[in-house]
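Here we start with a single chain on its own, the form predicted on its own, put down as structure tokens.
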């Protein structure tokens, strides 16, 4: 019979805290496998910490989102948000599923082209497009979303030297009841900026206005706000039809849908309370079908959601380095994954589960990463069983933004593994080495 592991008794001060949905504590089972692959096997073969992505989950969530919208509206197109996760393997999965590309920089535009995306199926957003970016996108027939008047004037000036009219939309910001309102990007609906931009485009005749776009914010917990936004874009489109006899081809509702993550400060878990794809779809499509569009002339509905599609498919496997007691008596656990890898730990209370069996004793833990920085805190408080040095944990819902905003601060970036639909792991980005860091550096001769 295997000898049970000894756990040293310790008297601690009771810190009850606030009860959760199910009382004072919650139970969880260990997560020993991801898509049928052992966590222990993954770390043995690919190291720790380790990013893991589930192809099965990526495809399943995408199809669920598409179904939510396409059953309510006849013309729907998703465009994968490259800034959310631009690993080539991830982008190609979404493109295989039929998604276009939505990019916000020349780098991302070039990456989408390299991934085989038809330029006509690339949406170019963002406030920082250069003249070269605009020229390249216009020549390719991509959809350019104009963010400000300076960009409008630059593109109008370039149009005279281009072989075809640039295809454009304007980004519109508006009051949807969500505060603070995102009015940094685009042209305001309420004060007439949007109509000013539309009039300039239509009167000049050098650009072809094909769409209207909005992105009302990020991690929006009110589906109704999207209904307000869709109604205002529909009003603009119908006004353009009435004034200029010109039909808008598409309405792009952007992204910002909440994933299953739980925002810091939330009382209940996001997986139980955040809106679903059905909620967002009902609000948006109802606003469009109840507007004045003729049934035979409905605009294409484009969606650029990223986080809600990919978050659930991402995991970080991490290993316990040490345990200690803070001066308050609270247990602190140090793991080998820090905030340089898990940027979203500043926003979310990521679910954390042990990857091996554990005892029934639990207490509140503070989880720190390995960085020599006081801000390196993955969870300020997580009710966990006792974790010992060498134990593994799985951090859930990490697919969005971490693999585009991570950095090699103090520690190098680790392997990223994609588990395919046949439960076979593939390295889709190799771990960094010292040569990765030193490679681009140049040393002046007097320091060589």
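These figures come from a predicted structure and were not determined experimentally. Positions refer to the first chain, counted from 1.
Although not depicted, the form predicted in complex with a small molecule is the subject of the following passage.
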Heavy atom within 4.5 Å of the small molecule in the model of the complex - the one residue of 304, 312, 151, 108 that qualifies:
304
How about residue 257 - does it come within 4.5 Å of the small molecule in the model of the complex, if we only consider non-hydrogen atoms?
yes
Residue 285 near the small molecule in the model of the complex, any heavy atom under 4.5 Å?
no
May I ask you to state whether residue 401 is within 4.5 Å of the small molecule in the model of the complex, using heavy atom distances?
yes
Decide whether residue 125 counts as a contact residue for the small molecule in the model of the complex under a heavy atom distance cut-off of 4.5 Å.
yes
Only one of 266-274, 316-324, 248-256, 110-118 has residues with a heavy atom within 4.5 Å of the small molecule in the model of the complex, and that stretch is 248-256
